[in-house]
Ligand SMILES: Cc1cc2nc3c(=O)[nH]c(=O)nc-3n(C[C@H](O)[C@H](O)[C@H](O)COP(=O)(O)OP(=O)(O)OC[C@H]3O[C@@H](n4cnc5c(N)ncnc54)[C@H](O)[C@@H]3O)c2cc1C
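The chain that follows stands alone, in the form predicted alone, written as structure tokens.
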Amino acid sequence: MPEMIEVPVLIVGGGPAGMSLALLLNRFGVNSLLAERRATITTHPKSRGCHARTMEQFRVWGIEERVRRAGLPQESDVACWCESLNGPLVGYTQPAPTTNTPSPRSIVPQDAVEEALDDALSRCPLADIRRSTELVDFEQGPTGVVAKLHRLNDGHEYQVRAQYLVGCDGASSRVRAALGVQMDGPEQMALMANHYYRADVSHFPHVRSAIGFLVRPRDRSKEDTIVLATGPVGDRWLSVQKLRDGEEPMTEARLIEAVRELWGIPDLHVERINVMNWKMSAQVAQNFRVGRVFLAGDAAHRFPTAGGNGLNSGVQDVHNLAWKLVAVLSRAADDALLDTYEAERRPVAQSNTAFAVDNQHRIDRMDDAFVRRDEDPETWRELLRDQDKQLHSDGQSMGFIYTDGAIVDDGSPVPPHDPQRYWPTDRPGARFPHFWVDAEQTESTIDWFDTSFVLVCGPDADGWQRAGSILAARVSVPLQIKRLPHMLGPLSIERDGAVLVRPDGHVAWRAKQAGAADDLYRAYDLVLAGGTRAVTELVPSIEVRT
């Protein structure tokens, strides 16, 4: 009889999405087992940037500063078009504003993010992390999932019985394949090779001036390339090579020659660390949930890199899913709540895919104009300014509003989506806005949202505070009460109004003014029943009234 391990949640895949989910479940007090095929965290930078929304979560989890220290300076969040890495540096984009968050975007490589998450997980007793372990197969039934795992270092096989399985196992997801879930969109827009190398050019004044250098030589017989900074020192770099059909990645000898030529240093010491082939895709899974199995991160969506939404979308996926799993596991919520994961996150993935594809086309147009900039300077200048639509993307990362899911829609107009600019709103479905609570700017409203619902009450909302206190004492999903000390934030509620905010920081319900306590109780029940996906009309479960 094979060994059988029982755990509430089995996570397959130990990249940023899988590790974030294990960390989140630990914060909620729920056990998980994470199976990752690799023996260690990644040694390749892969993605190179955590958006503000991801950094906000890292702030709440206590790893923001560690992640930020491994990245480039804040002012480096720009791109540079140039003829060579030793000049001329022809044009830079403009830095993005950072007023709507306590945790601005960080230009940090994925290997550093994984190091921070792995270190945090080492202090999470409820997260069982098993590396060098692959998923063989799984079967699901009405009460759970039974998976067979294979330990690669000694061939040992055993089974795991979980109530839910979450596939965070990347673009070639074995979980997705086993489910038979198809992907919408082109599987291969281009074939690329990332060459990760070490070359100490920290003595140059410009090495930390940009996240990436798009090298477009004036001599058009030479290859275009993108060179990305991957750390704060100026000694590790990523060169991105676009491969033609049938072409192999350049050899280490050719890489060394190319890097020396780009930097203009014939004897520069260059050491290739590793190389990774990858396909540029623009795909979204047709289903994010099949029974008791969920897909998250690259297993659910694959974007072109322009805009940097891959890692970030995966972290947001599991941030959305974790609290819902916990609520259902504790029997405080209906199964319909889990259907809201796909209802909320799949439209975001579709939007991020379209955004990334547009950004890639924007870069392609800019490249064409850059080559012709001498005869048509105005066009390339306009297209350089147009790159802000890619790099200034707070609206894309923080401004998406869920309209179908675990919310109580109040019928108010949904603000139009603006990928570039974030427009704060407390409408149901939106991220509750950041503003500083104290004059010293040490506490943000973002800090309030972690493992419980939060009833945010206006300064004069005594009635809502009383109703919330009664509700908090009688429900199994934790509820905290927060009283706004002022109304300086970009809110539509009045001083006697309130909003109910979910653990993931999105507004679930809004009362612009004072109202009946029953409205709050009904809203709480409705959200846990699936919000807009709830199957029955609900009567408040709280019998005590104010």
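Worth saying up front: this structure is predicted, and the values here are computed from it rather than measured. Just count from 1 along the sequence shown to find any residue number.
Separately, the form predicted in complex with the named molecule exists; it is not shown, and the next lines address it.
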item: Open or blocked, once the named molecule is placed by superposing site C-alphas in the predicted bound form (3+ ligand atoms within 2.4 Å of backbone or C-beta means blocked); value: open
item: The single option of 101, 340, 352, 133 touching the named molecule in the predicted bound form, heavy atom within 4.5 Å; value: 133
item: Residue 309: touches the named molecule in the predicted bound form, heavy atom cutoff 4.5 angstroms; value: yes
item: The named molecule contact in the predicted bound form: residue 495, any heavy atom under 4.5 Å; value: no
item: Partner contact for residue 191 in the predicted bound form: the named molecule, 4.5 angstroms, heavy atom; value: no
item: Distance check, residue 36 to the named molecule in the predicted bound form, heavy atom within 4.5 Å; value: yes
item: Region of this chain that lies against the named molecule in the predicted bound form, out of 248 to 256, 296 to 304, 366 to 374, 462 to 470 [heavy atom, 4.5 Å]; value: 296 to 304
item: Interface residues of 36 to 51 toward the named molecule, as seen in the predicted bound form [heavy atoms, 4.5 Å]; value: 36, 37, 38, 44, 46, 47, 48
